[in-house]
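To begin, one chain is listed below as structure tokens, in the form predicted on its own.
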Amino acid sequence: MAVQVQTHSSLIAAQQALGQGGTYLAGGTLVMRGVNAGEVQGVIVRATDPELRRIASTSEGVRIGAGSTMADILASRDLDFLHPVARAIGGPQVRAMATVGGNLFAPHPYGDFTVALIALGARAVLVQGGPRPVEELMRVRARPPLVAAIDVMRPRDMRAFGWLKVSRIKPKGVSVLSIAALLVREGGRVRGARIAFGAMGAHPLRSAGAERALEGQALDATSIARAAQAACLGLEPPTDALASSWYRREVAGVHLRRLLEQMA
């Protein structure tokens, strides 16, 4: 089947075209690889709406256009807390193409940026429908909605947000696993703990076990050890060419401990 590319000037028009069937083209790092391999065929839909690349401060944080690339993230002073995450995604060529919106629905083991967004409690602004938490979108990845932008709050205390990527090839290898944590402390105790993992399931997801171990506790050796022990509760890490499910289970708690110790 031949590939037909449809370019639309607005996201509404692109959404309507997708409703008739097709694949959305964001940065192209994954879709074009599929086209070249013959795995993606038929209609490819893209949008040139300038709002897709807009990054702007809001009263509640920062709105990131879904078409913003990792290079755009690195160029934004307002998003300095996400610079370590964007910098860990591929090399310069990939970062110049890979988009925030595309990362949301990238298949395992990709999606490191989404891990950070989930930990930060980010919300997706859909072209049709109201805003939805990014973590909710992970449940509809088979039929993803078209996302216009992402709203993310800047941590009031930069020390409350932590990020760690584990890969076999440095500095731009694909993740064996990735971890993001948001640990806001009030009166010396963690409130509203959010811990997210990448490559520990079919899509980025939170670790309820680790969050329960930390909630209401001081971030000390005892709570960190409990969180590390509970890191994999309810998670089903896959086996792939990078690592086995067993290996990911063995090292997830180790790396979570290291990240939490850095944040303590």
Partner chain sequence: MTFKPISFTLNGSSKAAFATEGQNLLDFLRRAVGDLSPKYGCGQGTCGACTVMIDNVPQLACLVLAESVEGRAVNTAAGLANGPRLDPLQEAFMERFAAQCGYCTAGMLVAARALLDANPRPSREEVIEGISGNLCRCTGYEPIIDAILDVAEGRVQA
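Predicted model, so just to flag it, every value in this text is computed and none were measured. Numbering follows the first chain given and starts at 1.
Below, we turn to the form predicted in complex with the partner chain, even though it does not appear here.
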Study note, to complete from the structure: Picking from Ala96, Val125, Ala160, Ala75, the single residue whose non-hydrogen atoms come within 4.5 angstroms of the partner chain in the model of the complex is Ala96
Study note, to complete from the structure: In this chain shown alone, the residue from Arg206, Arg63, Arg46, His203 with a heavy atom within 4.5 Å of the partner chain in the model of the complex is Arg46
Exercise for review: May I ask you to check whether Leu25 falls inside a 4.5 Å heavy atom distance of the partner chain in the model of the complex?
Suggested key: yes
Practice item. Could you confirm whether Ser68 comes within 4.5 Å of the partner chain in the model of the complex, counting heavy atoms only? Key: no
Check your understanding: Is the gap between Gln4 and the partner chain in the model of the complex 4.5 Å or less for some heavy atom pair?
Key -> yes
Review point. Taking 4.5 angstroms as the cut-off for heavy atoms, does Thr222 touch the partner chain in the model of the complex?
Key: no
Study note, to complete from the structure: Testing 230 to 238, 54 to 62, 212 to 220, 34 to 42 against the partner chain in the model of the complex with a 4.5 Å heavy atom criterion leaves exactly one stretch, namely 34 to 42
Exercise for review: Can you tell me which bits of 155 to 182 touch the partner chain in the model of the complex, meaning any heavy atom within 4.5 Å?
Suggested key: Pro171, Lys172
